[in-house]
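There is one chain below, alone, in structure tokens, taken in the form predicted alone.
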């Protein structure tokens, strides 16, 4: 008996050893699929919570989209093919990153142009600064310049023709002389500082004198070249045409943007995100300006819900309600769309408005029960709503489904109303 048991253990260990690599490989492949699914979902906008990606949203539609992406990846579809499918269904606005075409091209091109313009401007400024620093370098000071500096230092008043910089250098030497006489500087420090200050002042005076000579020479040349005696006409600013061209460009650009954007960009009725037509590349939405065939709108809305295209279904039912605000079917299906999008609090008023017109409408009773069941503290109201639905003439399959939900709701209500056990003393 011991030998038989030992044999079974060895056989079981061998089976586990053989199957373990297969199980490990399947687990690794599934994890890789999950990672690829999240990469695709992180680039898609949730149609319900449009400020979140499909990977981050907790709405029912986002969960279905993640499951669909996973199934498509298992079927061998590439991430590009999956994104193209969602773009064909929802339009370009479903992509969190704009495509490099149409108006979205500006998002990719403008940063590069701005960087190039900034680098070009910086290079131009550095080049001008380097040229300005190397222009008219002062010649080294000679003995005559030093003697002139000494005469100005001991003079009672400075000549009026001196520039502010020249006068500042001379005043610096006078203050140095005063500090030495007051005993604030030693003879050695005074000698070193005086030699330095005198050389700097002499170079400043020499450069200023050379500039005055050049200015006088230019004035003489202009006087000789100027035609006499008629006064020369005022020369226009050489770069004025550039400013005029820039102003014209800004006006034209602003007018073009102001004309194109209102035609191409619209605000979605649900969620407030911006989508468009010509500039963004997305398809034109259903609007109230199109023919308002109420039966056709309701039929297209139901088909959109069956195809899980909640954005289009929402638009179609809203247009139907613009045609007839008391249309019970459109009102009930609008509530179902909001409920599917994860907004039971916004769906409840739509169901109540439908039931106020037709209290026994099955779709409204069904949706209201679901919305109440998803709302904390509303389980008993959900039970009463589904009991009213069972009193209506519905199919056997729907009746069985409602009974199953009723059983779950009653179990939950029993747990909610069951008193908490008292701890023994």
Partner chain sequence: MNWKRLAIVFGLGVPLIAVLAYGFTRDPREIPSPLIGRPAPPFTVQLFDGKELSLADLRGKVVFLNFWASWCPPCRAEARMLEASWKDHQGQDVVFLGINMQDREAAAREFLREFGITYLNGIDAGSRIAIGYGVWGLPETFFIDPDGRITYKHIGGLDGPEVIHAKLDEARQGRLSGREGKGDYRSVQ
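Positions refer to the first chain, counted from 1. Note that the coordinates shown come from a computational prediction; the quantities given were computed from them, not determined experimentally.
Beyond what is shown, the protein has a form predicted in complex with its partner chain; the following relates to that form.
Mapping the unseen interface onto this chain, residue 186 falls outside it, with no heavy atom inside 4.5 Å of its partner chain in the model of the complex.
Among residues of the shown chain, residue 308 is not one whose heavy atoms approach its partner chain to within 4.5 Å in the model of the complex. Among residues of the shown chain, residue 367 is not one whose heavy atoms approach its partner chain to within 4.5 Å in the model of the complex. Although the partner is absent here, residue 87 sits close enough that one of its heavy atoms falls within 4.5 Å of its partner chain in the model of the complex. Stretch-level contact analysis of 394-402, 375-383, 31-39, 54-62 against its partner chain in the model of the complex, using heavy atoms and a 4.5 Å limit, identifies 54-62. Contact here is defined as any heavy atom lying within 4.5 Å of its partner chain in the model of the complex, and by that definition each of 48, 67 and 93 is a contact residue. None of 165, 322, 71, 222 but one reaches within 4.5 angstroms of its partner chain in the model of the complex through a heavy atom, and that residue is 71.
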